[in-house]
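First comes one chain, alone, set out as structure tokens in the form predicted on its own.
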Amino acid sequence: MKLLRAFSGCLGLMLLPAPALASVSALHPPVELIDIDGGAALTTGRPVSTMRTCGACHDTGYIAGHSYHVWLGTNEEKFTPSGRGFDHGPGLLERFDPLTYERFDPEQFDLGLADWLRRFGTHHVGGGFAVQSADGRSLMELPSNASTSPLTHVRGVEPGTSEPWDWQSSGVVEMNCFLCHLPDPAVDERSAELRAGRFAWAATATLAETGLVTREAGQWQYAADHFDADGKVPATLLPLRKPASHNCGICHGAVQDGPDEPFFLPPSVDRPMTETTGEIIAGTRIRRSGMNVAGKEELSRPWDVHAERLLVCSDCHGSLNNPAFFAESRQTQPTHLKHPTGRLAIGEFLKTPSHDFGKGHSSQATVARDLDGSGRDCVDCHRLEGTHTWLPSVERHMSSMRCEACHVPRLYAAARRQTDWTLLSPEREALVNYRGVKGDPHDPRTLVAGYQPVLLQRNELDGSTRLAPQNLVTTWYWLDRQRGRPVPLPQLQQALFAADGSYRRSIVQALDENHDGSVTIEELRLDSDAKVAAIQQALQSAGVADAEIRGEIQPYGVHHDVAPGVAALRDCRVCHGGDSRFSRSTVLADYVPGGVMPVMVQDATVRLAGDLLLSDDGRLLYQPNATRAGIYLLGYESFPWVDVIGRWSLILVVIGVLIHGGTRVFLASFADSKKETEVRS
């Protein structure tokens, strides 16, 4: 009976909207914090194990095995989670990421696992490959000198150094339930533990804001006075509940859920969604924010209308087996059934809640492609009947373009445009520029003009194509042709920088165009064959025998920052007029390193229907072509033969009218004349 009441309380938490959670947080039963060996953490003083603590009521093994956030699309041939195997192409760890560059591959180490967790583990919920090796063994069971767990390099350490990692001392990074289910997880404290390599304490550090733990003399201590007589923590101190949008924003992008908060958000790779698209999830009015948006006094619309209406991320991206939102997979749903029939009972769901969340079908999200389209789309909540009555040919527009094409008319934040890894800044980072701003987007005084995303044909799940808004991010990097992989960042840094952190003399000589003995930001670009050859020679000295420049265009779908109906595009001339958005070129890059023209990434769901052009000042432009996309826009495009047919049709119609009318006039006059003659006679 107690277990049933606990389950009922948890279900209420998961189904209620976020604003109501504060008043019902006590519904969650008290929790005993358990360590990795099953003992009471308050007594043993050891790190909290979320798998054991939450596993007292929930099947945490099932949850971890049914969570693409845990496995990040890791190929099933290397890892096989309990209950489900993943095989969806390159996962996020193995896939080249233009934002962070480096990657971890269980078979070929560009970046060791321990090093990856120290540097990028902040944006991983834990579990999966952070707990077990490729052969299924716990990382804790591996010897300290195991080749499957090297620390290849750390920023601040000379590139090329390598040392074994002692997993028994550091512990592993378990799936961290607190990170998503606490209203205020201590993200900074958790990140500090990960960076220090104290992996086992990461979950414990996440509790710092609750007051249950404090760090004293470099060690985490439990506050015994916050526990009850049974050694449990009451829900008032550990208010576990449904994840709010700002929990998702910890890893995904900028989320501001405070009312009328005058925020300023500079670009950051820690907010990848915002960095790549400019999307900001906030319900406040743009004009009341701290962003220096051009013409913001006239922008009375919210940043995102769904956030304004108090929707949270899980309203569209909820658990796939939640009985309140259950939608069966396309692969298992019988074709003769209109409604899914496999809903779980309440107790079953609370025991085994799937953490494979509903997904959209975006260009950039390559993980768990088999779940694409499982999240709520626009038409799942909004009716078309009785709306858009002002729009001619409604069905034609709906079948040709996604709702976001008109309902996300503009983004009002800086978004990345170009990433150049062929050279590095003095801080050893990529050379980056942004669209939507003129000046440094990290300076709050810089005016943000925003940008209009480009419309590209997207391959839909039903086999059709529709126009969808995208931000195109172009990246150049060095490819090691012998390995068929990007040159590891340590080798690139070794090729460009001396031991004191400055550019090598040979690099300065190759790039210093004004011969002042230094390299400026303007000179940091490979705009001649001589510069390219100099960097190739430096890479050879660093151990890369055959390097060449590669360029890629990565599209990022724009699906958030939806405007209310009154702020959506309603002017037909935006697409159908002489100044159609299909006639406007989009700047992809300010320059083209090595003169290498980029190509679209192979796993993109959209295609370019236009031309890549170089302007007179060396900028790379994308010029869309509606005809090549298979689109005919009335009022914008014209075909000569159509005009000829139209003109002759008009001429023939006029001639026909004249002949027909003239004949009737003639016959009428003849009849009148004949009648008059008969009367006279």
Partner chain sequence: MKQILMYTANERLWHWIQAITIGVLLLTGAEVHAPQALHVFGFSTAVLIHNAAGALLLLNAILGFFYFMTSGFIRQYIPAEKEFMSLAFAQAKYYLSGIFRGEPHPMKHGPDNKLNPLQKITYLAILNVLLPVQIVTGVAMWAGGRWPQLLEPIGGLTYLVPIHAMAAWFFLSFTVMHIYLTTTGDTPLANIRAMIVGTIPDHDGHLEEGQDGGKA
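By rigid core we mean the largest C-alpha set that fits within 1.5 Å across both forms. Positions refer to the first chain, counted from 1. Note that the structure is a prediction, hence the values are computed from the model and not measured.
One more form of this protein, predicted in complex with its partner chain, exists but is not displayed; see below.
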| request: Verify the flagged residues R396, D643 and R664 against its partner chain in the model of the complex: is each one within 4.5 Å by a non-hydrogen atom? | output: yes
| field | Of G290, G258, G211, G578, the one that lies within 4.5 Å of its partner chain in the model of the complex (heavy atoms) | value | G578
| remark: Among 34 to 42, 617 to 625, 61 to 69, 643 to 651, the stretch whose residues bring a heavy atom within 4.5 Å of its partner chain in the model of the complex is 643 to 651
| task | May I ask you to check whether P392 falls inside a 4.5 Å heavy atom distance of its partner chain in the model of the complex? | result | yes
| said: So, V269 and its partner chain: in the model of the complex, are they within 4.5 Å at any heavy atom pair? | reply: no
| query | Any chance C572 has a heavy atom within 4.5 Å of its partner chain in the model of the complex? | reply | yes
| query | Closest heavy atom of A56 to its partner chain in the model of the complex, within 4.5 Å or not? | reply | no
| task | Note yes or no: does the Cα of A56 move by 2 Å or more between this form and the one not shown after the core is superposed? | result | no
| Can we say the CA of L613 moves by at least 2 Å between this form and the one not shown when the core is superposed? | no
| With the core lined up, does the C-alpha of T43 move 2 Å or more between this form and the one not shown? | no
